[in-house]
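In the block that follows, a single chain appears as structure tokens, in the form predicted on its own.
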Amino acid sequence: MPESELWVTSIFNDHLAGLGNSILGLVGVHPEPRPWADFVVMQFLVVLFLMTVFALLRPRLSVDRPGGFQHAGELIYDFVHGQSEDQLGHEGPRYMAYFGTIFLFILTSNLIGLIPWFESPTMNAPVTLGCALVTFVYYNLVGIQAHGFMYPATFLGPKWWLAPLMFPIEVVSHLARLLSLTVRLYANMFAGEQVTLVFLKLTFFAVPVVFMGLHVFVGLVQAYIFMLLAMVYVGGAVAHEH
């Protein structure tokens, strides 16, 4: 077992190596003795945690006697709803399912690393790239849904004679969004995690608490920024003005 392997990853590799290699085989990767990586297992835990939270929340929903659990859920809902309306107008709530999902997934992934013997999956570039790719595909799909076969025309600029110049610029600009979403989230979470770990090893508990609080703040801000950029990209893809 590698020294850096998390205890939960060790469980997966000890008991579910066959399943991991079966999944790798689907994408043409040769079998490995220990196929599960920490960031993959942590993503499974994040998804399981969110599914459990919503499974517990749903039967507790009440109009007359909402509990603290429901108030917390409504607070997040109102926040995402308000942001989607601010960015996309009255059409914003139509896309709330994606915005809320990506926000909660990234936020939970950012903060789970604060739990001892766990790590944030978003401090790994493949995870942030996956989030960026899903967002890229999503906003282009809703753009196609909104404009139909005329969607590529939105890449051509306002005047036909600008099209040869505008089209490659637009294509490069959209591809650059993948890099921007990936690197921004990955770099911030990786740096925050490393700073927290260093001070945990070098100082007493009181000092690392400050950096752990900073890590929480950065995690919240990065989840918000990612969701906000997704809203901006969706808004640009479905807008009819251009």
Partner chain sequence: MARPQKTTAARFAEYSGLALLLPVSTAVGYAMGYWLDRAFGTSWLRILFLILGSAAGFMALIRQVMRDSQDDDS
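As the structure is a computational prediction, the values presented were derived from the model and not from experiment. Numbering follows the first chain given and starts at 1.
As for the form predicted in complex with the partner chain, it is not shown, yet the points below apply to it.
Novice: For the three residues Gly18, Ala55 and Pro126, which mark the spot I'm curious about, does each lie within 4.5 Å of the partner chain in the predicted bound form through at least one heavy atom?
Specialist: No, none of Gly18, Ala55 and Pro126 comes within 4.5 Å of the partner chain in the predicted bound form.
Novice: Which residue among Leu61, Val210, Leu175, Val47 has a heavy atom within 4.5 angstroms of the partner chain in the predicted bound form?
Specialist: The option sitting close enough to the partner is Leu175.
Novice: Have a look at Ala97, Ile169, Ile76, Val137 for me and say which one sits with a heavy atom within 4.5 Å of the partner chain in the predicted bound form.
Specialist: In short, Ile169.
Novice: Within 4.5 Å, heavy atoms only, one stretch in 116 to 124, 86 to 94, 137 to 145, 100 to 108 touches the partner chain in the predicted bound form. Which?
Specialist: Of the options, only 86 to 94 has residues within 4.5 Å of the partner.
Novice: Can you check whether Tyr224 is within 4.5 Å of the partner chain in the predicted bound form, heavy atom basis?
Specialist: Close contact exists here: in the predicted bound form, Tyr224 approaches the partner chain to within 4.5 Å, heavy atoms only.
Novice: Taking 4.5 angstroms as the cut-off for heavy atoms, does Val183 touch the partner chain in the predicted bound form?
Specialist: Val183: contacts the partner chain in the predicted bound form.
Novice: In the predicted bound form, is there a heavy atom of the partner chain that lies within 4.5 Å of any heavy atom of Leu229, even though the partner is absent here?
Specialist: Yes, Leu229 lies within 4.5 Å of the partner chain in the predicted bound form.
Novice: Would you check, heavy atoms only and a 4.5 Å threshold, whether Leu197 touches the partner chain in the predicted bound form?
Specialist: Residue-level check for Leu197: no, no contact with the partner chain.
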